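Presented below, as structure tokens, is a lone chain in the form predicted alone.
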Amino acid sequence: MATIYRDADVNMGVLKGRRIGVIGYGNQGRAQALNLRDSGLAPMVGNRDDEYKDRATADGFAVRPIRAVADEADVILVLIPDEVQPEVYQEQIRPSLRRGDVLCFASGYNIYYQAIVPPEGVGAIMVAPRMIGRAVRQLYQEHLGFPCLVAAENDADGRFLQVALALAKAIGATRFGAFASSFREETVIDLFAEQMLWPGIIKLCLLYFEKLVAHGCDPEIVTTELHLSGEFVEIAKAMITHGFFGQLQLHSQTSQYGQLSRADRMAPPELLAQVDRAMEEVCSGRFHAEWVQEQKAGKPNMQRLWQQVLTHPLAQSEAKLESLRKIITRPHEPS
């Protein structure tokens, strides 16, 4: 059982006198900066000149260049995308680091694959909400929490972990629970979901659509049944409240029997071999190397893959139902 830290386990005093800098004001950057401020801290925001800087300014932050914030801060939250972190780190953050400074990441990716290697004496911690930025902000405002993974590298005396926990509490995570983890564990869990679980779901959904349409079913009705109805969301919510298997009892017995009796068919030996392959590519760093090369080449494969999905009949069916989708989603959009 993982160690789980709650509000009462955290000493916020470790942040007293610390100068906190938030690098990047995207989804996570905005949510965490606002939550930190509402928790009584005074985060500085570093961002390049773009629309995110404008939003941070509108939110009341005096936005400064990334290098200037790195020079002044001694706890730096690196909340820019993984793929741009190494370059920004080397050029604008690394020259400013001093012994005792702390770098905080929202994912384990660049530390695990050693794309970023902090100098000796500089702490590397992770505060990784298992939630999109918008929800991190919304749940904080509703006085609720969200799960979060925390970790600290090269932390013999535990002082860097205490900083991670204080930051986790300040953004609202320990209201729910901050789970002791590692950079490796967060990276492997995250990438394995992205390269095994969600690709499998994507492929099965496309097969569902293609087979039903091939057997004479109306594409728009299939699209509605597949995801536009929101049944996916309701099933996911039921898993939270009733458990992964418990939610099955909310379905008809015909559905229960059909799902349970046919589940093994969807995992033949050849699929299991691909699952092992996905895990090996994540753990060995082969995927990381492939993605680095893809970026250097200008992302040609990514462009080709997007072109394939955007021309799929399911995407065309969705386009016909766009007005209906807006009606369904409007009540759920944040103000």
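All values derive from a computational prediction rather than experimental measurement. Counting begins at 1, following the sequence as shown.
Only in words, not in the display: the form predicted in complex with a small molecule, which the text now covers.
With the partner left out here, the small molecule still marks one of 257 to 265, 196 to 204, 161 to 169, 84 to 92 in the model of the complex; by a 4.5 Å heavy atom cut-off that stretch is 84 to 92. Proximity of 28, 52 and 79 to the small molecule in the model of the complex is complete: all three residues have a non-hydrogen atom within 4.5 angstroms. Mapping the unseen interface onto this chain, residue 132 counts among the residues with a heavy atom inside 4.5 Å of the small molecule in the model of the complex. Within 4.5 Å of any heavy atom of the small molecule in the model of the complex lies no heavy atom of residue 103. Taking the partner from the other structure, the small molecule in the model of the complex has a heavy atom within 4.5 Å of a heavy atom of residue 107. Interface residue remark: residue 286 is not counted as part of the site for the small molecule in the model of the complex, having no heavy atom within 4.5 Å.
Though the small molecule is absent from this view, in the model of the complex it lies within 4.5 Å of a heavy atom of just one residue from 277, 48, 67, 299, which is 48.
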